[in-house]
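In the structure tokens that follow, a single protein chain appears in two forms: structure 1, then structure 2.
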Structure 1
Amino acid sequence: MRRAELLEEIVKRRLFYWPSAEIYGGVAGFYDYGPLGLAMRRNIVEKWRRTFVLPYQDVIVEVETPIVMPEPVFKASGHLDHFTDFVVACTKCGRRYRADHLVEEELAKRGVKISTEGMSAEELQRLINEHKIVCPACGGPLGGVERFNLLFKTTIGPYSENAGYLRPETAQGIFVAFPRLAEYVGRRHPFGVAQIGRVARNEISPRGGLIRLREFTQMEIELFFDPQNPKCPYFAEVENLEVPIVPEELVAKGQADPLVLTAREVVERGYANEWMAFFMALAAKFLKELGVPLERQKFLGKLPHERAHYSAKSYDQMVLTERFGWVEVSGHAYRTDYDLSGHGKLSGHEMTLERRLPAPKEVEVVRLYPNPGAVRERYGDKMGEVIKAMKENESVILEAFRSGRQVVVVGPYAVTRDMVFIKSERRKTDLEKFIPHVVEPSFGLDRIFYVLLESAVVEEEGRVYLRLPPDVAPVNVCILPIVKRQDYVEIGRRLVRRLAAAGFSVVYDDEGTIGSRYASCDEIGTPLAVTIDEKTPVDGTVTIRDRDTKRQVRVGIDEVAAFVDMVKRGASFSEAAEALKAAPV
């Protein structure tokens, strides 16, 4: 645990993050992020966008949807019925525990290793009774195992009947907006929608610091494709990348060690379709670039009883940590048409795209046409607005009238049966409607943040520092006058402003010895330190120091920005020095 313990000291000393509401005793499952933590999180997000979104903008768009959504959204998505964990309460002191975790932990104390994932309430209750498990806090007897819904409930506006929920995933905002997004991309497919945002899950017993939170950030993509054509146009870019995978067939046999296959082999063996394998390969590459080697990663297949209610196939991307063991950092789910079908049925809106048929065919189409006379009689000058609303909500109105209703409300207008004509027509078409299927890569920013920090801890020759990748380090460069002399200070502060204007994150420090300031910069993972010394006012040069090797070179002060930029973009210290013909020190 040496690395984890060193990290804990750095986190506290440099205020990367801490429990929220500390002055009131804190609330489990909520954390604040300090200046360094916030900067690093933003950099991780931007790296995620550069990996998964920006290179594929011809297919993937980005959106932002609300955190609070109305109850029907989560009824259609299945979360009201299925987004649950099991809870058990002590009948003596009233403490509540997540039942599966409690059973695993109490049996582990007795030397019994068991996995409770996927167990029913009855199975958990049986284990509690058989092993006489009691309340860990007071020793009191436990009551019955019950389901607990993990959605945070609220009300929207002043009326208690207008129930809403904090979203447990960003995905539902995308699914609800599907009709508009499909029109935006010209109804082409495949197309994807990315979203980064806060979500909330009312965990029964959050623990493990950032590993299990009640509020956290997700980075997700919903990729919509034709199930008859699951080809990924970018697959050739990743087909030779290695993916450490434990497929379901091996999980069922109790095997935990992964097979190391190329993305192409993953598809050829039927473990995933091209889109899933594409995102899994990118995810492995993403974590590797963050400092997590492939041998500490694996994609663990989920058995049917372990999957989320919407998933037909799932893999959890796991990373081995020193403190928490294997931790899930991303989930890769094949959601089929579960979500779009559910929202289509409950809302009455059409959630379809079109595929071209090899040959035209004749189909029966039911169409809705406004009755201008009846619309004008009721709404007068607003007739045009009403007809527009009717056209935009054609499928909803048709479905309602088919079910026997006589009035349908669309926006501010009530449409009665006499205001429309419904006609059945036969047409020839070379298009066929279908509900697209969905592949979803979903990443937990907070867990990735912790994994990255722990992986970056280095202890060597009495020096402890964070070897963070330059593109995610919270500070790009430190500016350090070798002594606090007025002309050095002025030069240093001018350089800070110049670098900040160029978009770099900069720290200036002129207090203490130069060695202690180097150590302070290293500790927070800053890749470069610039020193202003006696030569700087004379010839306009400074030294640049590498965090990892402590090597130093001398460059012109006007070249500092270019040096920092090259390192941030992935060049090594040596490559940047050679490119700028920097003189060794």
Structure 2
Amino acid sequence: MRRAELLEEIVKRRLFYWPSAEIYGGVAGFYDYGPLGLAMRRNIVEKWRRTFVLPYQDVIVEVETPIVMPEPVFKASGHLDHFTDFVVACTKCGRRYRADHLVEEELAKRGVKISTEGMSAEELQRLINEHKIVCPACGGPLGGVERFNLLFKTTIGPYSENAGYLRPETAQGIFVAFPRLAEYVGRRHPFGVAQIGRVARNEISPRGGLIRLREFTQMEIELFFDPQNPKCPYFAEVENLEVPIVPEELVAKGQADPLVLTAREVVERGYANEWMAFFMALAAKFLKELGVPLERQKFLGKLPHERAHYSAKSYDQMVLTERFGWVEVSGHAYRTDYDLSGHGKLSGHEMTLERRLPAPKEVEVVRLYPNPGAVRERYGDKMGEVIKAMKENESVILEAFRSGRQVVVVGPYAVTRDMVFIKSERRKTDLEKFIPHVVEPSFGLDRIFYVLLESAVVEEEGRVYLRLPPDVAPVNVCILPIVKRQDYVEIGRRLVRRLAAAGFSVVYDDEGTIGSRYASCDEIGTPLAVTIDEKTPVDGTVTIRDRDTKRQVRVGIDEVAAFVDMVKRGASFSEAAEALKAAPV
């Protein structure tokens, strides 16, 4: 645990993050991010956008939807019914426990190692009874195992019956806006929609620091495609990238070690379709560039009972950490048409796109025609709007009347049977409606943040520092007068203001020895340190020092910004030094 412990010390001393509301004793599952933590998180988000969204912006767009959503959303999505954990309460002291964790932990104490993943209430109850598990705090008897819904519930507006919930995933905001989003992209497909934002899950008793939070940040993409054509137009760009994968069939046999396949092989062997493999390949590359080598990554197939209620196939991207073992940093789910169908049914809105048939064919179509007289009689002035709504929801209305219903509500209007003519016609068409299927890569920012920090810890030659990639390091450059002399200080402060105004994250420090200040820069992962010394007032040059090698070069003070910018954008120290003709020190 050496790395994790060294990291903990740095996190505490430099205040990367700390428990929220500490002055009130804290609240489990909530953390504040300090300036360094926030800067690094923001950089990770930007890198995610540069990896998953920006290069593909002709197909993948980005949206922002609210955190609070009304009840029907989670009725349709299945979260009200299925997004639960099991809770068990002590009948003596009233303490409540997450049942599966309690059973695992109490049995582990007795040397029995089992996995409760996917267990039913009955199975957990049976284990509690069989093993006579009692309250670990007071020894009292436990009550029955019950379902506990993990949605944070609230009330919207002054009517207590209007329930709202904090979204447990950003995805639902995308699904319910599907008709608008399809309109935005001109109904072309495939298309993807990304969202980055806060979500909340009311965990029963979260532990594990940033790994299990009640409020956290997700970065998700919902990729909508025709299930008859799961081709990814960018697949050629990733097909040779390596994906360490443990497919379901091996998971079922108890294998934990991944096969290292190319994205192309993942598809060819039927482990994932092109879109899933595309995102998995990018996800592996993303983490690798952030300092997590492929050897510490794997995509673990989830067996049917381990998957979320909406998923027909899932891989969890796992990263091996010192403190928490294998940690899931992203989930890759094949959500099929589960969500769009659910919202379509409950809302009465069509959630479809159209595919072109290889050749036009004559089909028997049942068509709906509004009966203007009846519509006018009922809705008068609003006739036009009603007819528009009827046309937009043609298939929903037809389906309802076919199944014997007498009235269909579309938006604010009630459509009765007498308001429509239904005719069967034969016609030629080369278009066919379908509900798109969805592949979803979903990243947990907070976990990635932790994983990167732990991966970055380096201990060598008696120094400890974070070897963070320069594009995610919270501070771009430290400015250090070699001693606190008036002219050095002035030059240093001017340089800081210039770099700060240019948008860089800069730290200025003139207290203590230069060695301790280098160490202080290094331990938060700052890639570059600029020193102002006796030559600076004379010839206008400063030294720039590389965090990892401690190598120094000399450049003009006016070139510092360019140097910092090059390194931030991915150049190595040597490349930047060469490009700017820096002199060796």
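Think of the rigid core as the biggest set of C-alphas that the two forms share within 1.5 Å after superposition. Numbering runs along the sequence of structure 1, starting at 1. The structure displayed is predicted, hence computed values, not measured ones.
Engineer: Form predicted in complex with another copy of the chain, is that 1 or 2?
Structural biologist: The chain shown as structure 2 is the form predicted in complex with another copy of the chain.
Engineer: Rigid core fitted, is the C-alpha displacement of Phe421 between the two structures 2 Å or more?
Structural biologist: Passes the 2 Å threshold, so yes.
Engineer: Quick check on Gly384: with the core superposed, does its CA move 2 angstroms or more between the two structures?
Structural biologist: Yes.
Engineer: For the two-rigid-part motion between the two structures, write down the angle in ° by which the smaller part turns against the larger.
Structural biologist: So the smaller part swings through 8 degrees relative to the larger one.
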